[in-house]
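Only one chain is shown below, in structure tokens, and it's the form predicted on its own.
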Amino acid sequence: MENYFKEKRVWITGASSGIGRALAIAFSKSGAICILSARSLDGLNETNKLTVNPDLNMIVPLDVTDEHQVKEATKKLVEIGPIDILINNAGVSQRSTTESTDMSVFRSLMEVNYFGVVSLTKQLLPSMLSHSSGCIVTISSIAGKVGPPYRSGYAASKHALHGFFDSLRSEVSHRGVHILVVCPGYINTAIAHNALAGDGQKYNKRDDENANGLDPDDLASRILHAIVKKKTEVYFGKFEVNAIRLKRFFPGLLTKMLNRKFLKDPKK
């Protein structure tokens, strides 16, 4: 796998922490040159220090919801050379019931998790198509296939990604561009602390489900393997991955299970 990624230019959004940081470390260990983007410059610098060859990487602070920033960053990077792999990882989660969530929160979730991803993808796509090569990896979620309680806006934004990238895949796969959608379950990151509460403030609490979830380094390794194997959609996690099968074959049972979970844990 090391030779596969050697000297490839990999652009990772949301690289200041969590899954993005784990991916940066994994790609650098495999010989890739990483372009690290997020809003937090301090976080990006910390991530870069953890990579194998920090001097080879580029740090590009970026707010994916700012279309002008996205356009300018993409233009400058492709002028240097082709981007071989784009990792659409920037995102924000939610912890609030639908009835207690302001409309502004639903809009914010869509701006970051959906429109930001679409914007960056569209800006970079022409370069990949012109070279008849490239890989676009988008980090969705099990919530992009199954809507759990307290995440209606988050789940909606992730569901939207599947529709977009399924269509894009049908348009560009024959032109040399590989599209992969990754659906993690619970991952041991600070996603709950950074999630939006119903009023738009940070949830800023521990989430036991994520704390007991898959290690981000393990997830990163699996994602690299999926890229090499040219997978189109993959699901990684623990028991929660079974929810996808339940939704397909026993949707009524899944609804009862999720409702039971909601009633058991109504504190959010």
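So that there is no doubt, residue numbering starts at 1 and follows the sequence shown. If you're wondering where the values come from, they're calculated on a predicted model, not measured in any experiment.
Just so you know, the form predicted in complex with a small molecule exists too; it's not on screen, but the next bit is about it.
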query: Is L62 a contact residue for the small molecule in the model of the complex, using a 4.5 Å heavy atom cut-off?
result: yes
Residue contact check: A190 to the small molecule in the model of the complex, 4.5 Å heavy atom: yes
message: Under a 4.5 Å heavy atom criterion, is A24 part of the interface with the small molecule in the model of the complex?
response: no
message: Test of understanding: in the model of the complex, would A38 fall inside 4.5 Å of the small molecule by heavy atoms?
response: yes
statement: Partner-free chain; cross-checking the small molecule in the model of the complex, the single residue of A73, V112, C135, V172 with a heavy atom within 4.5 Å is V112
query: Which single stretch, out of 75-83, 124-132, 172-180, 191-199, brings residue heavy atoms within 4.5 Å of the small molecule in the model of the complex?
result: 191-199
